[in-house]
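Below you will find one chain, with nothing else, as structure tokens; this is the form predicted alone, and questions on how it binds or moves follow later.
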Amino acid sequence: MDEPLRHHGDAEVRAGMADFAVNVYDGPRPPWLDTALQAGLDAAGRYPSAATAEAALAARHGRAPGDVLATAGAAEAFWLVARLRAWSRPVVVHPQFTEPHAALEQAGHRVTEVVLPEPFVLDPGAVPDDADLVVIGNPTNPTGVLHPRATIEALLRDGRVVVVDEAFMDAVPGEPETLTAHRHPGLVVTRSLTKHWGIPGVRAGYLLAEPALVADLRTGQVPWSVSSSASAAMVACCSREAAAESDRRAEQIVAWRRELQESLSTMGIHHLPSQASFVLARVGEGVHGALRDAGVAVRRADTFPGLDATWVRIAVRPPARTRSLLDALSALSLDALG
């Protein structure tokens, strides 16, 4: 297996560095979420059950409980899909989060890469007709592209499973392109609670699909893989209070991202218009390492198929914190001129 596929943003950050590599909301957890996590910890003396969490998640999305499978982060869902069948031609649409690709290779599958050209907009016609599994992110990590729902629906067909990674959809106000309410025998939508709610260490995620597909995926799950704390977080994040806070965070991310992108434009740095909590920018080869030397961590992008060392992914942060990144980039530009 190609090890770059297993590289993630957390590997970029050392103690004391300004972190623009990890796509986790930059703010404190709500008190109600801490209360739920503590309740989950108090329940740790019993073997966990995700049934209550799955019922709450189903209600949130207007689905039946049998349509939901709670997972140990969205990453577990990719590994369950990889081992679901003897896929004849699994396709991963790149650039995107590489864990689904890595999981498929680890399960012994030969992956067909469909690499989109810049600006990385999905063309359903680029996917081979004989693909029996297609994986795509929406909005896509690391490009920030939000594909129209109808474009992804065009990938659906009999005999094919389409996995849509919506790990960053809650950063999009109103979630207009989500497929969580769409029903199709071959559609799997994965979601994550770790980014938007700042709990990556809890490993809380889930998938939505038709009951037969959920049941098949459940058979491959390790018993008790979803902890009591993760289940408690899932229930808490389905409340009305959570919905209001989620909307507020999404709007705040939009404002933070706008300021970052405007600053990058002013500096003449090419970047993509993003709909997620990060921005893909073409800063030039060697800048990633120079920023590290300056104490600023951004996500290298050359581990994503379709990108090279001139690109970096920048996590959205409050403007006051973003200034450290912009100052470092400005200093590098001045050094280049001098």
Ligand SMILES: Cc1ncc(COP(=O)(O)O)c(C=O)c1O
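Sequential numbering from 1, following the sequence displayed. This is a predicted model, so every value here is computed, not measured.
Only in words, not in the display: the form predicted in complex with this ligand, which the text now covers.
- Annotated contact segment (heavy atom within 4.5 Å of this ligand in the model of the complex): 74-82, selected among 120-128, 74-82, 261-269, 212-220.
- Just one of 237, 167, 92, 226 comes within 4.5 Å of this ligand in the model of the complex, counting any heavy atom, and that one is 167.
- Exactly one listed residue, out of 246, 194, 178, 252, brings a non-hydrogen atom to within 4.5 Å of this ligand in the model of the complex: 194.
- Not displayed here, this ligand is kept clear of residue 135 by more than 4.5 Å at the level of heavy atoms in the model of the complex.
- Looking at residue 231, you'd find every heavy atom of it more than 4.5 angstroms from this ligand in the model of the complex.
- Taking non-hydrogen atoms only, residue 184 never approaches this ligand to within 4.5 angstroms in the model of the complex.
- Contact check for residue 203: a non-hydrogen atom falls within 4.5 Å of this ligand in the model of the complex.
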